[in-house]
Every structure is written in C-alpha cells, then in structure tokens.
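Next up is one chain by itself, shown in structure tokens, the form predicted on its own.
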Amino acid sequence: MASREICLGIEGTAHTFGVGIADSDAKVLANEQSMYVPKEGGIHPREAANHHSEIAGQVIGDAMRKAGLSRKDITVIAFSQGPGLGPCLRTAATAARTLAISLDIPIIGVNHCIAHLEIGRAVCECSDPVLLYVSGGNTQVISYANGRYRVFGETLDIGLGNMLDKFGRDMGIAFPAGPRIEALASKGKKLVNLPYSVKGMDVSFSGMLTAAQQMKEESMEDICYSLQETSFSMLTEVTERAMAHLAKSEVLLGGGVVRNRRLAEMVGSMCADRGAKCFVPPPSLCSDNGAMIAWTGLIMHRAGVRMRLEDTGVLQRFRTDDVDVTWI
C-alpha cells in the first residue's frame, strides 16, 4: 500500500490567496483563504499581489493549524502556475518555492483550470465528465480526450464573471458583483432582448454587456434577470452540444460563477432531460481555493510528474490543453 502523502497547495491567480492541504485519500484537511477586495473599480494586479504578500504567512499558518500538522508532515508543495494575473501568480509561486526549499520537498506547478476539474472529480466522484468552467477570467467547456483535457468551447472575449463584474461596476454594485446580481435577478420578471452570441461551440459576452449597459428604460431587476437567463442559456446550449459530441453523460460545474443557483438549475435541468448527471462541488471548492491546487499537485506527483525550481516560472496564458494528463 502506498504511504500517505500530504500536499500543501497555494492558489494566487487573481483576487484570492488560498492555502489548502489535502492528502492522498482526497481528504481536504484545510482550505483557508483571504480575498483582496478593491476599494473601488476592478482588480488592480499589483495591489492584489501586495495583499497576497502581506497575508501569505498568516494564511499558511492558519491552514497548518486547521489541519493539525507540523512542517515535517508536508510531503509536496503545489502552486497555481497559471493562467492568471502576473504579479499575483509570481507572489504565490515565490511563497511556494520558499516553502519547498526550506522543507526540502518537491514542488509542482498546477494549471488552475485543471485544478477546478480535478477537485470536482474527486469530491463529487464523477468519472469522465464534461466540465463547464465559469469564473471571472475564464469560461470554457472542457473534457478529457486522448491524453489531455481539451477545450471544446470557450469565450471569444471576456469571462462571464468578468462581464458581470463590469456591468456591476457601471451600475454601482460593489465587487464581486455576482451575488448581488443574482439577488436582483431573482426579483426580475421581464426577459428583455439581449444579444445571444453562440458561435459554434464558442460564446461571446461583450455585446451583451454593451447592450445591458445602455438600457435605461428597464428596471435593474429585469436587466439582471435577462443577463442571467441569456448568458446561462448560452452556456447550457454549448455544454449540451459537447455532451452529444463526446457521448458523455456527466457534467461537472466548476469556477466561482457556478455558485449561482440559477446556473446550476438550468444545467441540471438540461442533464435531467438527457438522462445525465450534473455534479456541483461544495461552494468553498467552486471558487478559487488552495485545496484544489493541493489535490491536483498531489495526483500529479503520484503519477510521476517532477519539476525543478527552474521549471516553476509562472505562465500567465497557461492553456488547459497545454498539459499532458499523465495521471488518468
């Protein structure tokens, strides 16, 4: 029987600095985080990185105490290598390298998008899903095929979460805008006309954003309701098309935006109509978090993936389909 391994993972792609600890039984031992919230406007990468640098030691210590572990119990260090905001990624990577060197243990750089998929597969116990990954900076339909996680559809401009935050900022809604937009949408009744931009397997949100920003005659509740219904319908359509193309019967939701109950409801309804299953991880594992980095780093390490320190440079445009998936 293989010995128990424990990985400490550091997430730092954007506004969240997260530290998670997971063991080789896919048990999450700790999942601590601190989120940078700008005083106004959107995320400023340098300010977010400064926040991460200031609280890194505290969050790492909190995770270790939560897990009830000492430094000698950690066998692997993992970190979010990309994609993401350069200053934030570099801060997380520096913290990870410092730990790996001081503890003299291996270090693994993890693709952030794949980490969302792998933690979902582990906790939801789904085998071969189509992943609908919806976050601030990313919107992709992903599934495993021929040795890699392939992107079967994605946004052509901005991520859905980014679109919602931009709309919220223009309307005076504090960052992050998603939860407030969801609350307003629940009171909307009228579906107003917004661009429905599905192009093959890809989607586009910039036209919808511009149209919503220019609506003055409609109520905020109806605009938010229409933003959700239209954008979520687009995502449900391309996800169903990917399922049909790949002949797969499982959908896994991942990314911070899938905490929206209406999105989960729409995709779940589509799956029910197809006789398929829809899986949604716990909310704490949907948003950016260190536990998903820890678990993915651990399964990569157990599959024989090794990195030298010089291989751990950050990759701001680290594509999901750039990674050889040797652990499946």
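No experiment lies behind these values; they were computed from the predicted model shown. Throughout, we count residues from 1 along the sequence that is shown.
Here the subject shifts to the form predicted in complex with adenosine monophosphate, a form of this protein not shown in this document.
Taking the partner from the other structure, adenosine monophosphate in the predicted complex has a heavy atom within 4.5 Å of a heavy atom of residue 260.
With a 4.5 Å cutoff on heavy atoms, residue 207 does not count as touching adenosine monophosphate in the predicted complex; it lies far away. None of the heavy atoms of residue 118 is located within 4.5 Å of adenosine monophosphate in the predicted complex. Contact between residue 77 and adenosine monophosphate in the predicted complex is not found at the 4.5 Å heavy atom cutoff. The partner is absent here; in the predicted complex, the one residue of 256, 129, 84, 153 having a heavy atom within 4.5 Å of adenosine monophosphate is 256. Between adenosine monophosphate and the residues 96, 164, 110, 88, the one pair within 4.5 Å by heavy atoms in the predicted complex involves 164. Screening 280-288, 295-303, 22-30, 55-63 for residues having heavy atoms within 4.5 Å of adenosine monophosphate in the predicted complex returns a single hit, 280-288. The partner is not shown here, but in the predicted complex the stretch 168-182 reaches within 4.5 angstroms of adenosine monophosphate through a heavy atom at 176, 177, 178, 179, 182.
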